[in-house]
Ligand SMILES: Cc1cc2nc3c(=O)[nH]c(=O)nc-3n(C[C@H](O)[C@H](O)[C@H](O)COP(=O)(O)OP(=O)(O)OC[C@H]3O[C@@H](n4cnc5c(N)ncnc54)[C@H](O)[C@@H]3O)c2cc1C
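Below sits a lone chain in structure tokens, taken as the form predicted on its own.
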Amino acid sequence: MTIASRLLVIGAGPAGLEAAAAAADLGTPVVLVEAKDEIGGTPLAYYATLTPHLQETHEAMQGMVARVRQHPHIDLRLGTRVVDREGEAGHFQVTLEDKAGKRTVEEVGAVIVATGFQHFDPGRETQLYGYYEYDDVITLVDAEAMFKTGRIVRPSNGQPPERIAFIQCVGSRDRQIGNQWCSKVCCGIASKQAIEFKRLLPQAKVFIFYIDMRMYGFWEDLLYWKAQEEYKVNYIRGIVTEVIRKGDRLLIKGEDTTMGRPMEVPMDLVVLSVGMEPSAGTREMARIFGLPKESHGFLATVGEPLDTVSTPVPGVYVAGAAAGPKDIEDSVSMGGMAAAKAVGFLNRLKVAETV
């Protein structure tokens, strides 16, 4: 049986876009499948600016998007899902289904899974923070929607907030709900958003309540110190146990762990820094391709830390947050690496076929 020359990339977020473009640039035909009607993934769909440089997302990603849309070796399938597969490495028969229910079977030699993550639902396990109870309790994603409009108001009354609080590690580092991991980017995103709040509302007071601030690399300087020194954002080490309504404001209750004393602080707007979880698409691809998951539910790889993209299933690779919490830099880097691994794998199969 002749080795299939095409590569299937599942998911058109930053990791999938880079994987598809890199493989196509190397001369490998690519079928790029995206369940939504647009490419760009979570950053382009939900985020006004990117961490850590605060670039406008559409402007920052337009080159990557155009590169994929215009590439002659990329067959882009929007509104399409992978629903079944047969065969093995070199000869995968993958069934695709579009929004109208039409199914086609495509033969591909290798697969890259780049199905991303989903944001933790802060009302799923507990209402201690009142996400579904109080209009003025929002998430990082809700805040980004405000930044896109350039208008920051309290949802409850349409007035600009005077006091804004972030609560960190909502849905991360929490053994009680089974999410025993740090989502890596939430501290940086909160600090980025705190700067944006201050730029739009210079007179507002902004507080970040945290267990530990986890900044890495240049984020320490670009975000953490910048937020404090230039924008006077207040970082308070503490544990928030409850958010309740008091009059027309919200009252944050908890413990200031630095001072070792209880705290009750009134706020106008509370932003929950929600973490990452495996997406429904990631879980579905694990089932369809028989991919094992690591202990936290993301797709397992076989060679970490030196190989972050090879799965235990020959011919199937993973890129981006499908393999665990990642920032955009991680995701794009993994996309390029996955493309190189997949193209190299196909080339070796073709050589072996001719021997």
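Residue indices: 1-based, along the sequence shown. Just so it is clear, the structure is predicted and the values come from calculations on it, not from any experiment.
What comes next is about the form predicted together with the ligand, which does not appear here.
Site residues F117, V185 and I189 are all in contact with the ligand in the model of the complex, judged by any heavy atom within 4.5 Å.
Taking the partner from the other structure, the ligand in the model of the complex has no heavy atom within 4.5 Å of any heavy atom of F298.
Contact check for G281: a non-hydrogen atom falls within 4.5 Å of the ligand in the model of the complex. The closest non-hydrogen atom of T49 lies within 4.5 Å of the ligand in the model of the complex. When the ligand is considered in the model of the complex, L128 lies well away from it, no heavy atom lying within 4.5 Å. Considering the ligand in the model of the complex, the lone stretch of 22 to 30, 317 to 325, 66 to 74, 299 to 307 in range is 317 to 325 [heavy atom distance within 4.5 Å]. Checked against the ligand in the model of the complex, the candidates A89, V265, L222, L140 yield a single residue with a heavy atom inside 4.5 Å, and that residue is L140.
Residues are counted as partner-facing when one of their heavy atoms sits within 4.5 Å of the ligand in the model of the complex; in 7 to 24 these are I10, G11, A12, G13, P14, A15, G16, in sequence order.
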